[in-house]
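In the form predicted alone, a lone chain appears below as C-alpha cells.
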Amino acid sequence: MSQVRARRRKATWSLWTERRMPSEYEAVTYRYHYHFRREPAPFELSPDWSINQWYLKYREGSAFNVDDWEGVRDPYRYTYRHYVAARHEREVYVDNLIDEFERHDHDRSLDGAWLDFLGRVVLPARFPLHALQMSAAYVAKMAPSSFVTNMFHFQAGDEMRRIQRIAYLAKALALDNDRADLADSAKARATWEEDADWQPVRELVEKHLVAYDWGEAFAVRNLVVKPILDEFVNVEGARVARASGDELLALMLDDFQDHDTRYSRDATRAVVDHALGKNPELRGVLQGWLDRWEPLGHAAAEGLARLFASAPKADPAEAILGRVGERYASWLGDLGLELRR
C-alpha cells in the first residue's frame, strides 16, 4: 500500500511573519538587529557593561523611536550586491570622463586663478566630507533596524567615492600643472584648520560627530550637515567650475549630486516618513533638533558662500547663499519641516 506524504508548506525562518516568500532584499535584511530592545540588555554581556549602557542610552533611550522599525524600506531596495553593481556603473562613467578629458590635456588648460580656488576650497573639502563618512558609519552602527543600517553604510560608501575622486583630482592637477602645493595634504589640512571662512563649517562638522543619540545623529547629519555641504560642493561647485571652463569637475559633481545625493535624500525621506507615519508627534522631535543645529548650519553656509564667491567669475556671496537657502528650505518643506529664522 503506497504511502501519501503530506505536502509541507515551504517556510523561510521563524522571525518572518508574513504569509509570502520574502524578497532577496528582505531575506538579507529583516530583523538582523536581534539586539534592539532585547532584555535585559542588547548584547550578551553584563547589563552594566559600557557597550550595553551606550546602546541603552543612545539608541533605546532616544526620543526618535517608534514601536517597530522593521517597516522601513530602502527606496532602491539595495543589498550589498546591488549597491556595488550600481556604483560600479557610476565609477566606470567617471573613469571614462577622466580618460576623455585627459586625452585633450584638460588639466593643463585651466587658469591659474581657478587652480588657486581649487586649492583653497575644493581640495580641502575632503575633510568635511570624510566627517560625513564617519557620521554615516555611526548612524549605521546605532540604528534600530538593519533596514536603516544598510542605507547608512551605503551612504558612507558614497562619501568615500567622492573623497577618493577629489584626492585623485589633487594629484592629477599637481602633476599636470607643476603645482606640488595642490597635492600637499599638510597644506590642505592647514587651510581646513586655519582659513577663517572654513572655521564655521569646521565647527558644525566637528560638533555633529559628537551627537551620540542615534536620532539626533541622523537628524543633524541628514537634515543639516549633508544637505548644506552637498548644495555647495556639488551644485555650486559645478556652477563655478563651468564658469571657469572646468567641465570635467562639473560633470563629476553633477554625477555625485544626481546619484549619491539623491540616494541619501530618498533614504532620509524613507526614515522620516516611516517614523512620522507611526508617530506624528515625532515631527516635533525632528524640528527641535533642526532648530538646535540650524544656527551652526547657517553660519557654516555663510562661510561656504564666501568661499565659493572667491572663485573666478562667481556670483556674490549673498546671491550664492540665497540660492542655496531656497533649495534647502524647499527640501526641508517637502519633509514637513521648516527653517525658523
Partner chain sequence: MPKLQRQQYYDLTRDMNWHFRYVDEAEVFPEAMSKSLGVPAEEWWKWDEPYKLTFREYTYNQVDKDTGIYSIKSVTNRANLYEKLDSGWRSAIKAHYGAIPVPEYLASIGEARMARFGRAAAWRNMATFGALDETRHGQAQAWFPYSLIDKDPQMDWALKTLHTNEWGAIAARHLFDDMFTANDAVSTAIQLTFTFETGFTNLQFLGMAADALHVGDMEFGALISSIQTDEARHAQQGEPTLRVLVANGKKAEAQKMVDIMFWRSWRIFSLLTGLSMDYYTPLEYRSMSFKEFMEEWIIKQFMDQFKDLGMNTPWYWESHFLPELDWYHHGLHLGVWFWRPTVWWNPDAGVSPAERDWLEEKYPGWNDTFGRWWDVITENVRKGEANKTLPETFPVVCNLCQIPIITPCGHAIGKLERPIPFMLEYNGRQYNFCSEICRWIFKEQPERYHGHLSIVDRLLAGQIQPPTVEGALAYMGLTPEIMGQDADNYQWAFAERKAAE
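This one's a predicted model, so the numbers in the text were calculated from it and none came from an experiment. Residue numbers count along the first chain shown, from 1.
This protein has a second form, the form predicted together with the partner chain, left out of what is shown; the following refers to that one.
Within 4.5 Å of the partner chain in the predicted bound form, a heavy atom is found for none of 114, 239 and 275. Of the heavy atoms in residue 99, some are within 4.5 Å of the partner chain in the predicted bound form. Within this chain, residue 33 lines the site of the partner chain in the predicted bound form, having a heavy atom no more than 4.5 Å away. Shown alone here, residue 248 lies farther than 4.5 Å from the partner chain in the predicted bound form, counting heavy atoms only. Heavy atoms of residue 170 reach within 4.5 Å of the partner chain in the predicted bound form, making it an interface residue. The partner is absent here; in the predicted bound form, the one residue of 79, 244, 257, 191 having a heavy atom within 4.5 Å of the partner chain is 79. 176 is the sole member of 197, 74, 176, 213 with a non-hydrogen atom within 4.5 Å of the partner chain in the predicted bound form.
The candidate stretches are 216-224, 230-238, 262-270, 203-211, and the one lying within 4.5 Å of the partner chain in the predicted bound form by heavy atoms is 203-211. Along 312-333, no residue reaches a heavy atom to within 4.5 Å of the partner chain in the predicted bound form.
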